[in-house]
Each structure stands twice: as C-alpha cells, then as structure tokens.
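Before any questions on how it binds or moves, here is one chain, the form predicted alone, in structure tokens.
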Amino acid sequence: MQNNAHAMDRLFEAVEEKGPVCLGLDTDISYIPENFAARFSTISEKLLSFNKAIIDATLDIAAAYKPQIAYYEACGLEGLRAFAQTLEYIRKKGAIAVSDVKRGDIAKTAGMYARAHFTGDFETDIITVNPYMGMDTLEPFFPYLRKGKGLFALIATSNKGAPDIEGIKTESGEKVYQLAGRMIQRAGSAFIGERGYSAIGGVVGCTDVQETKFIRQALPGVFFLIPGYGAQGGAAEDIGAYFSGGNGGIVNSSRGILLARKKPEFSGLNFDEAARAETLRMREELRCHIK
C-alpha cells in the first residue's frame, strides 16, 4: 500500500483523530496465550494472528503501531515472515507503521538499509535510526523522505545507561544529546510538512524529565517518538512538556498493552479486549496531561 503523503503530517492527523498512543508490537512468543497459540501450527502464524487481533481491537484509538524487529529476528525466518506480514497488515488497514530497527551505518550500507525498509517485503512508513555515527549516516534515507517516508532519529533514549554517552558535556557546555538534537533539526529543515514538523523526527525518552523538560522549546519542528512510558517507569504527568498544543508526539507502550490481560482490573477479558481497555486508559491519562 503506497502513501506519498508527508509522514509526520499523517502522524499529526492520526494523533488529532485517535490520540497519542503508539502501540509497540514487541511480540515475544511467550506473550501469546496458550489457548490462542494452540490454534496455529507455525510460529509465524501465532505471531501474526496475535498481532492482527491486537491491531483490530485498537485501530480506532492508536495513532501508530511500532513492531520491534529484534523480537521477530529472534524467531528466525518464521519471525521475519510475521514481521513482514504484520507491516503489510498495518498499512493495509490504513494505519501508520513505525519499524523499530535503529539502523545506523555509512554510505552504501545505509542505502541498503533504506531500500530494505522503505521498499520490498519489509516496507514500512517510518523507521528508527541511530545517528551517533554522524549525520552522514542519515543521508541515504533522504530520497525516500521526499516520497512520504519518515525517520525517528535517536536523541535522548530512555535506558539507564543513556547518560554514559548522551549526557557527556561538550566543550560548548551542551550535552551530547542536545547537540545531536540540534543537528537532527538542522538536517530535517529540508523536509518540513504542512503541519510544521519535519519528516525527520526524534526519539526522546520520558524517564529523565529533568534532562529533557525543555526539549520541545529547543526543537520546535521535531515530531517526537516518546518511549519509556509504563513498564520502563515513565509517567503521564512527565510527558506534557513534550507536546505543543496537544500534538507533536506519540507515546509508546508495548508490554503494558500486549500483556494487559494480566492486570487485575482487566481480569476475565480476552487479551485483545484487555489491550483495547489499556489503550483507552492510557490515551485518556495522556490527554489529561498534554492539553
């Protein structure tokens, strides 16, 4: 399914319509209920059928879906088949697919990554990239941005070791992540959409608010992918500063939604019903803090 509209314009409109939840499809085979998995004979069928049920249950309330490729690679060729089919299903439904692949390499290699994830079996709408080898690693992706694709480049991540490198102070007094953010904003200035955001967005974790509370002001044209909510410790009240006028970002939750059936308040619900209930709960909680 081809869609040449500006990637972040589409995301902006999805957030306006459906809310800011990005549903992370980090689907570990162990997450699938045994009675559901037993209906299918192959790993790819189990993964795909689980993902499709989650997508169908949340299509009207999730702004985007973010499959993390490592979970599928870990299952070998069967997993990669499910990864490709999940992306195809998301896009067939008219939803936005964000492939969490964190590619970052030089020259021809980066070009091959761009081709791999913006065309062919693994075609997606937006991918995550790692710019910490230098801004030239992003350049091979640029021709695809003009055709409606998008990037989320790592700026300030949500893992506990992020300050080891991202938090180092440069000679100018800026921290590395702040310098990276400015470089990403500069690179993205050539790809601004009608909604005021670049096709090059940024990954900004929500678990260290003191470090990043002014980042929206510093990077006004950068749309954010915000990990760290829920299972990683990020709270809804910490997220409001990353939004502008109730938009400009999507907030990812993976395990919190995929395993929602295990929460006491959703006891008795099927896994897809519980996923919908948790997505609704998360959406309303976020909306209270980002308006």
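For every residue, the number given is its place in the sequence shown, counted from 1. This is a predicted model, so every value here is computed, not measured.
The same protein has a further form, the form predicted together with a further copy of the same chain, not shown here; the description that follows concerns it.
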property	result
Contact stretch among 87 to 95, 101 to 109, 194 to 202, 216 to 224 - heavy atom within 4.5 Å of a further copy of the same chain in the predicted bound form	101 to 109
Proximity of F266 to a further copy of the same chain in the predicted bound form, heavy atoms at 4.5 Å	no
In the predicted bound form, L179 touching a further copy of the same chain (heavy atom, 4.5 Å)	yes
A38, heavy atom within 4.5 angstroms of a further copy of the same chain in the predicted bound form	no
Y31 within 4.5 Å of a further copy of the same chain in the predicted bound form, heavy atoms	yes
All of A5, F12 and A53 with a heavy atom within 4.5 Å of a further copy of the same chain in the predicted bound form	no
Residues from 156 to 177 in contact with a further copy of the same chain (non-hydrogen atom within 4.5 Å) in the predicted bound form	T157, N159, K160, G161, A162, D164, I165, E166, I168, K169, T170, E171, V176, Y177
